[in-house]
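Encoded as structure tokens, the following chain is the form predicted on its own, with no partner shown.
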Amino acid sequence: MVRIFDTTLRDGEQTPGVSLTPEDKIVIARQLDKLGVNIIEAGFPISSRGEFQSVKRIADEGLHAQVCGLSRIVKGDVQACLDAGVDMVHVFVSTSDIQIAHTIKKSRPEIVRASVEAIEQVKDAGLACLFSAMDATRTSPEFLKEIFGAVEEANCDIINIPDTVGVAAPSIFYRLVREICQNVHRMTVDVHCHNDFGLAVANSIAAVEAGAREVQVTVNGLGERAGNANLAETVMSLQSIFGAKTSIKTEYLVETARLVERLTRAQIPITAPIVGENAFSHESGIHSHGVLERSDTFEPGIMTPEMVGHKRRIVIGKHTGRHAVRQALESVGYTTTDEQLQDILTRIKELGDKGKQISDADLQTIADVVLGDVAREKQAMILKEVSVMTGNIITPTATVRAIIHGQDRVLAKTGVGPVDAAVRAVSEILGEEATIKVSDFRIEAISGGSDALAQVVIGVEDISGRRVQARSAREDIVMASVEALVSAINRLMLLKANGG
């Protein structure tokens, strides 16, 4: 069993530009507990009054995970952790010559003595203690063994070997961890890897191969500089490739990643492994055809989207083949002849060659044009007119006229702004026939200037959990929002009608 020590709330919050409120930290701590991490490093209690209160609130949550507080080898730091009510104290000190000379400016014997005293203070209080030799990968191996031996004599529970500045290569880190593991007897060996050269996950895995039984990670790889070992990547590599066991409930990995993304405003790259939007997406004709026939032709197989709470997507674009396009059309109720399918595929590739992304709405539009009135008859909602009134003394009001299953309807709604009013009107004009909610709404300026073309992306969900997404682009943000929402609603209604 490999234990997962999560430091999102401590090292992760040290990401430049990231600052969490106490309420944000509570939400993340609860999610980490739901995910199944073994230890949550809640923060550095001595650093500020607010930080102390945040750590204390998390410690008082009654989580299943152990709650840990960070401390220097200073009595006041340790006492702040104890006062905060944590389950574990993480004591750290610089051990490399460069950090000793330019930060703490103590002799090695003084460092060893102060480290032992800090650990004794923690153990006398009856708590678990983790000791970190900061900058271990640039520390003399002899001094590492000396200080780790001393803290083991003081009954420390866990020792941490940090690659603080991310300079270790996996082969070198393996040898270092292996040597330390062979020299300790009662303590668990833990590692903390930074990602300056993109090797944090690889180093963490190498450490487990060498005998470490605990790894420190952060959600989405947040942390100082280039960040820390990514939780999802580390856990899934250990479990799926190496067959290691952890306590992580992997089906919550995507949910956790997106929660932290929202609260930290640190965006997940679309190509991020495991949790990125494209992690299980396919566009290439060969790849799409393969995964539609059997998923492990062009996916790892030992890791599926369902295992991590993700979904497989077949993305329509210029590289897409006939098989994927036909299935995408059939999933929303379109039936085509071979000739019609080829016409649609040709139009998709023409748009793709111009650099345009093909959304669900684009595919529907192309199909509508090629298939003509037959496809139009499948639309549950046909937008006829949108008008908006707004101003300094007028509550923003939108009036929408649409044909719903052949019936002409008109609805007016107010909102906090013209876009909100228009979206509310379109959402509610369906009446009792369908209950939907907007699950995603993004506006992006494609070009510059006051007349910038705005791309609106809207996702909708019905009460059965069906989810679709559509987009539109116009200079008029209101109309772009409405068109995207109408496209999404029509696709959702088609999915429902066809049992999707």
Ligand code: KIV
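This one's a predicted model, so the numbers in the text were calculated from it and none came from an experiment. When you see a residue number, it is the position in the sequence shown, counting from 1.
Quick note: we don't show the form predicted together with the named molecule, though the next part is all about it.
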Stretch in contact in the model of the complex with the named molecule, which is absent here, among 90-98, 255-263, 398-406, 337-345 (heavy atoms within 4.5 Å): 90-98
Just one of 250, 115, 364, 132 has a heavy atom within 4.5 Å of the named molecule in the model of the complex. Which one? 132
Looking at 379, 121, 160, 139, which has any heavy atom no more than 4.5 Å from the named molecule in the model of the complex? 160
If we define contact as a non-hydrogen atom of the residue within 4.5 angstroms of the partner, is residue 195 a contact of the named molecule in the model of the complex? no
Is there a heavy atom of residue 70 no more than 4.5 Å from a heavy atom of the named molecule in the model of the complex? yes
Are any of the heavy atoms in residue 10 no more than 4.5 Å from a heavy atom of the named molecule in the model of the complex? yes
Does the named molecule get within 4.5 angstroms of any non-hydrogen atom of residue 237 in the model of the complex? no
Is any part of 13-33 within 4.5 angstroms of the named molecule in the model of the complex by a non-hydrogen atom, and which residues would that be? none
